[in-house]
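Here's a solo chain for you in structure tokens, the form predicted on its own.
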């Protein structure tokens, strides 16, 4: 049996491995890859303890279209619901499945503890700390839009959540990239992971920075990115948090400052909160291309885990 590879954190992927997955996702998006044999004979588990539209559907359809069979588990289907710890569950599943795609609102540590085994490929489809497959799909979209990842400028507006962390870790791998995270005070990126991304970026002559004031935004950018303010499975400890978030919404006025920029959002979106309808439904928005690319990137991720 060949060893299976995992995608648990973008820290674990080299620049070349990241680029290989992105480029393969683009090939799938262009329809230049024949489907149906890549995962022939494999059984892939899809285990989501939290709601999902795009990620769950993208990995389910990707596995099926590559020739695998899938078993879907919801939050109440496994004995974790009655107290079994996730590590024991993963151990059992690794003896029965070829791969498992997991979404949980809990810590990533349980997944990290299991990455030493190679019987079952393990894909992190979102934890509290990081959303790596979202960033891989986003890089696929960005490269399709701009032709390169090197030299990209991005402004991220809103909470420093697991998508923001994944973007920081992913874009830090490429040269001459500039990412400005503009986050509300006390709602910034995980400090340890942000510092790691900053250090990696400097090695590549890139810059990742975080500010908490919209007056400190750069004068130009290629991409304005945001996510919904109420991330899956989380709540805000501050009852007045919406007032603190309002200045960080992506508005028509903000986009006017960047007339050549494209708008990205990982969806679902709440029009009138983190983004105005005129922006997400406007000509600069590529959010639905971005969503479609999750399915193509998922094919690339699953294939990579087994090659």
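Just so we're clear, the structure is a prediction, and the values are computed from it rather than from any experiment. Residue numbers count along the first chain shown, from 1.
Not pictured, yet referred to below: the form predicted together with ligand CP.
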Residue 54 near ligand CP in the predicted complex, any heavy atom under 4.5 Å? yes
Since only the chain is shown here, I'm wondering whether residue 140 would be in contact with ligand CP in the predicted complex (any heavy atom pair within 4.5 Å). no
According to a 4.5 angstroms non-hydrogen atom cut-off, is residue 134 in contact with ligand CP in the predicted complex? yes
Within 4.5 Å, heavy atoms only: does residue 267 come near ligand CP in the predicted complex? yes
Of the listed stretches (54-62, 270-278, 248-256, 26-34), which one has a non-hydrogen atom within 4.5 Å of ligand CP in the predicted complex? 54-62
For the stretch 135-161, return the residues whose heavy atoms include at least one within 4.5 Å of ligand CP in the predicted complex, in the order they occur. none
